[in-house]
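So this first bit is one chain, no partners, the form predicted on its own, shown in structure tokens.
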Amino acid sequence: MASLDRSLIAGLSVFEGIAAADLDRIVGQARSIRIAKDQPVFEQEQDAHSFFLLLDGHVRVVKSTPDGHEVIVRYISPGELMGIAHALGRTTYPASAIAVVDCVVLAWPGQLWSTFAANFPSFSANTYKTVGTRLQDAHARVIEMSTEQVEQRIAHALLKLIKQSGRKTEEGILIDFPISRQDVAEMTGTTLHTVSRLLSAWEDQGLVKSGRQRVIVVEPHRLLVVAEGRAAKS
């Protein structure tokens, strides 16, 4: 198999500040894996045998609750690490990661985590920064769930997705991967019926356009008004 080139990871924030020779060592210990759409990269409570970097595609992180419900925790974009259970002091994955589209990932054996963290201080610092950001996101979502109306939660979710992976089109900002109304419901702790009703209402008002697994935000500023609870009450 051809060896992987450091250009795959050079320039990514998690590898910032690492010398070229060290990047060669890091990428030389990775495997490149293709994950087909809807297939898992790893599964919740599975032994954390590897950690991963998403090179191409999008991945949704899903947590199953004890009562069998599924909650979408976040979406992973190219250039992000995932499966970093070892950074959390865990030996199993806390959630599952499912390919939203066909994906390419780099995978390193889990036992290399402590070696990388010890040998490359900037890798360790950048990774813990990622962990911290994700924890802040999780706390923000808990607060949203307990204090915000459902339309605010859905507006916040769409705005976050366009910030993360929005692509400008003639119609507006497209969330650049397939996302269903059920996915939005699982992100925001609500029902498919509620999401469908709200998206239809917002479509009538010209805020969004949505189709099968496709959402375009036409008026981001007006959606932000809804998210912040500043919309005029009818």
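In case it trips you up, residue 1 is the first one in the sequence shown, and so on. Note that the structure is predicted; figures quoted are calculated from it, not measured.
The protein also exists as the form predicted together with the DNA; that form is not presented, and the subsequent description refers to it.
Remark: S180 counts among the residues lining the DNA in the predicted complex, judged by a heavy atom distance of 4.5 Å or less. Contact annotation for S13: none of its heavy atoms lies within 4.5 Å of the DNA in the predicted complex. Contact check for H193: a non-hydrogen atom falls within 4.5 Å of the DNA in the predicted complex. In the predicted complex, R212 approaches the DNA with a heavy atom inside 4.5 Å. Considering the DNA in the predicted complex, the lone stretch of 180-188, 47-55, 24-32, 167-175 in range is 180-188 [heavy atom distance within 4.5 Å].
Only one of the listed residues (S114, S122, Q149, S77) places a non-hydrogen atom within 4.5 angstroms of the DNA in the predicted complex, and that residue is Q149.
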